[in-house]
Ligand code: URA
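Presented as structure tokens, the chain that follows is alone, the form predicted alone.
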């Protein structure tokens, strides 16, 4: 889709629209090999260059991050250190804004997806699409007998909620360690599910989102994903 040059550069986080006009006047922008001279020129982002370089992810960003403990999934600086602070400054200035696909709380680590594509956020967080998320938890007590059957039954109701949780798969890794696979994302769901049966979650890590895993990402690291990863 063709877009105004000044709007395009501003939306991709390069600069403000006013600064974009100055960049164009300075000859820093070219379109299909010709130096641009009109900020209002509508152009295909695929043929626009800034300082000789192609535009940075003009079709949208999709990232996988290994979220470290102590970081929040919020743009509000009052809530503490944010996962967005780990990203390049240009990406933090994009419009639409880069946001997380679902959230992990401050005390949860692991696989987190980020994008500026709103339709992808909606599709991957909608319960009707049943995208699997896998969490690894360590608990303060031994896993109760029959827990896997209870979680799989789809009958468990969390405190304060009328609708039962969707069926979930529990895989026991040890007396106090398990993996839980969910297809929905209620508030603090994993912790609340275990708490309903008398177990407090001591550590929690998301290890898979759909078909994606951490694949060697160290805490705080991220990698770029192809736009077609989720179709």
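Positions refer to the first chain, counted from 1. All values derive from a computational prediction rather than experimental measurement.
Only in words, not in the display: the form predicted together with the ligand, which the text now covers.
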Quiz item: Counting only non-hydrogen atoms, which stretch in 143-151, 83-91, 120-128, 97-105 is within 4.5 Å of the ligand in the predicted complex?
Solution: 97-105
Quiz prompt | Candidate from 190, 48, 165, 61 lying within 4.5 Å of the ligand in the predicted complex - any heavy atom | solution = 190
Quiz item: From the list 65, 31, 204, 199, which entry has a heavy atom within 4.5 Å of the ligand in the predicted complex?
Solution: 204
